[in-house]
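To begin, one chain is listed below as structure tokens, in the form predicted alone.
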Amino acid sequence: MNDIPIRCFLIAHQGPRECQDPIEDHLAELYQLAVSCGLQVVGQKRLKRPKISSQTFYGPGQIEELTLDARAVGARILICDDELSGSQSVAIERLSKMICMDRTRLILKIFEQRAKTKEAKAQVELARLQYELPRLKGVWRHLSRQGGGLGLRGGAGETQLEVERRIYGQKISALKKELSHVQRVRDTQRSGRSPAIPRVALVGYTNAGKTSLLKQLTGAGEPEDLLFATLDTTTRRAWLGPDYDEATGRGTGEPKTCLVSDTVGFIRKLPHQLVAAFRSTLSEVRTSDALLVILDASSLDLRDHLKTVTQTLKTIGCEDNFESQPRILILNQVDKITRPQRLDLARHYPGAIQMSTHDGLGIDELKNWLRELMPGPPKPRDLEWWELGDSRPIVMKNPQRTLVEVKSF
């Protein structure tokens, strides 16, 4: 059996006013996505173009030159960091004679590979159908042929494209009903939980260490070094220590616990179809008593990742809810950075917990914060700048540079 992965070539558009560094960062993340999908990346290229072509997205000459570079290294697939229409994908495939997919399609492929449960498979299938429905005309030109004709009763009849659209619509409707039932079941399960036990949701950028933190707190979960390793919500009970304050000598001594839920990770340019399809899964985030926002402290794009997470939280309905749903920022994997870099993080994110799930650093501090949730929410506090979306200097861009100035969100 041939286990050699399929080779792919990455491309990204760069406008006349766009800097090179952000484009390179996007290509680096696209590289991780391709590897997570089981592909072998053999090259990448930035295509500079002042205006996007409505027919081919890039210029025909650029695609021809790109094809030569990709074929020279044995690539069979072109992966574009930008979202393409169906007609644009077909045009690029026609000019290059290679398979072409955009970032959204790649993420959907990863979700299809990771989906294990019936609910996750239904959510991914719904997102795929919603993505493909508006692209049917551009991708399947042969579907414009009519099913009727001369000699047939009922006239010319509907086109095959219309038939295909109707089938897609029926499947989407059925999946929405199925997921709506799942949502009602989840709501019933939540209503049966004890209100005395706080419910905490782990949210953050994909592969930042959410499952590792779940394992530290509850002993459950199997961390994997993969993007989108977790699609289904996993809820476990965490023991936070005895109900006793050494300073005052007060407390019953009984164990304090909370429910911790691990959820699907977020990512830059997360397809809106997936956000909508995973609404039943992400409802655990909206209805939780507190949020633990987890980011990779060693990432070169820490602030950009934080911006993506906060925007996605707003998209799913977690906005202006800071009093009833407090949240704390957790900067994980600080064991991978230097002490000066940790000091920079402490200066720009003073309310965050610096953590290493690898060796348990910061776990006790997090448990102390969680204990304040019982019997009620934490005391009123001043919101952090990242919660409000204020402008602040960015933390280190890479290990060699310390601080660079950035505009506000």
Ligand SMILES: Nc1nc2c(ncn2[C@@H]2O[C@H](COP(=O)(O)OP(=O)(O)OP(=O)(O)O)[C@@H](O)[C@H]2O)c(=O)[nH]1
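Start at 1 with the first residue shown and count on from there. Quantities reported herein were computed from a predicted structural model and do not represent experimental measurements.
Separately, the form predicted in complex with this ligand exists; it is not shown, and the next lines address it.
The listed set 133, 220, 226, 174 contains one residue whose heavy atoms approach this ligand in the model of the complex to within 4.5 Å, identified as 226.
Of the residues 190, 272, 336, 279, just one reaches this ligand in the model of the complex with a heavy atom at 4.5 Å or closer; this is 336. Contact annotation for residue 201: none of its heavy atoms lies within 4.5 Å of this ligand in the model of the complex. Contact check for residue 367: no non-hydrogen atom falls within 4.5 Å of this ligand in the model of the complex.
Contact check for residue 208: a heavy atom falls within 4.5 Å of this ligand in the model of the complex. Using a 4.5 angstroms threshold between heavy atoms, residue 212 counts as touching this ligand in the model of the complex.
No member of the trio 123, 234 and 261 reaches this ligand in the model of the complex with any non-hydrogen atom inside 4.5 Å. With the partner omitted here, the stretch from 95-103, 325-333, 73-81, 306-314 that lies within 4.5 Å of this ligand by heavy atoms in the model of the complex is 325-333.
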